[in-house]
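Quick setup: one chain, the form predicted alone, written in structure tokens, and binding and motion questions come after.
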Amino acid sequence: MTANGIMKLQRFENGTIYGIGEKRGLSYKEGILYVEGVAIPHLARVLGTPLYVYSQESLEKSIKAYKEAFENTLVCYAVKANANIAIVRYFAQQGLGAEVSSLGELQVAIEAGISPEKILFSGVGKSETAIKKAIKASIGYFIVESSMEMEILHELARRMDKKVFVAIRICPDIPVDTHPYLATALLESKFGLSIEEAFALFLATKKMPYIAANAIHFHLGSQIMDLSIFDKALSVAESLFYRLKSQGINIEVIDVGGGIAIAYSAVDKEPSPRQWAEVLFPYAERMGVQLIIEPGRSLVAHAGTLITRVHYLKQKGMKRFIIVDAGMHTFIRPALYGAVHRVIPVIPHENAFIKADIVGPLCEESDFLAKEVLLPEVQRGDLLAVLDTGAYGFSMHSCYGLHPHPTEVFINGESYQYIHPSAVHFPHS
């Protein structure tokens, strides 16, 4: 699209730009970007940058969509997407459960007020400390990924004299059209068990009195646009369901994980929770099982915006660089996955558009937020907003280079709350 075409899109119509306001709680008012009723330049002055801002209005819309589509379904938020305790607490208040994959996430979920029976504990490398804490808390399900893990879980449960409920993670061996690092359902993946291995492990639990293995789990990957892939996976799960039933093992729960995509670009159309439910419910009804889902990204990604400040402008031959204070240490998705996020100015200038790479301060060529981006020409000190960073943003940040941690702010209407996950004490695992 030409610069003039982009400029045309950038007219302030109904307080939005690039269609940003529909799901994100963002709007332009008198030429300044707001999250709900709070002006971004004000937050940047008070709290500095880099800065993650989260919109409660956006979270409300996402939760409402899931509740309407998945009535009588246990919706467990995947805490790894964003483990800030204020956000997890908000989900708890809305009645959601949680899927956790570490001792720290488990503790956040419990302290945030998630009912223990609504907590699922996944992950290939659970520590004994974490397992014992989860047993003591009487969580809903352990998602078991190997026979050795099952043996250790049973022994710890025996010592604590508490029966535990288990879902065995199967690997349907189905390719998913996503980044290779986000595909988790192939046999070469570290996750889950082959169908035959899972079948044998289910049978083995008959001799484990402290294990109640009545659930099948799978997780196909992340950023899934084509929901028909769940149809294929559920066909595999249904076949296993009937094989187990013939052996006297009654499966009561099917946990299909999460992974449905969001639209990071203006042209993509993301699948809706209702469309997902239409694929899943026929299988659950036919088998007569309870359904569990584990959305993460699709609940929180749109709610988050990363604010960064321009430090320097650099021209190198024909190449232009906008050097900002955020980088791969602040937001690693572009460097790690080649992810493309929209970047918009907080206060757009009425001037010509430029094409530039937006790069961070680290001594790494992979340290970038966006490449070949069309923006109105910026100046030193300007603020930029990276959209849809509520998922796998702060939760994957690092202290590389000993740069300060980004600040996080939760916005509700015209008020905002400084939030930080360090409010929870994380014991050694």
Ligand code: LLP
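Every value quoted in this text rests on a predicted model; they were computed, and no experiment measured them. Don't overthink the numbering: it's just position in the shown sequence, from 1.
Note that the form predicted in complex with the ligand isn't included here; everything after this is about it.
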Partner contact for G192 in the model of the complex: the ligand, 4.5 angstroms, heavy atom: no
Distance check, M396 to the ligand in the model of the complex, heavy atom within 4.5 Å: yes
Close approach of H302 to the ligand in the model of the complex, 4.5 Å, heavy atom: no
4.5 Å heavy atom contact, Y52 and the ligand in the model of the complex: no
Which of 258-266, 207-215, 127-135, 309-317 lines the interface with the ligand in the model of the complex (heavy atom within 4.5 Å): 258-266
Residue (of K80, H154, H329, K118) lying close to the ligand in the model of the complex, criterion heavy atoms within 4.5 Å: K80
Members of 115-134 lying within 4.5 angstroms of the ligand, judged by heavy atom, in the model of the complex: S122
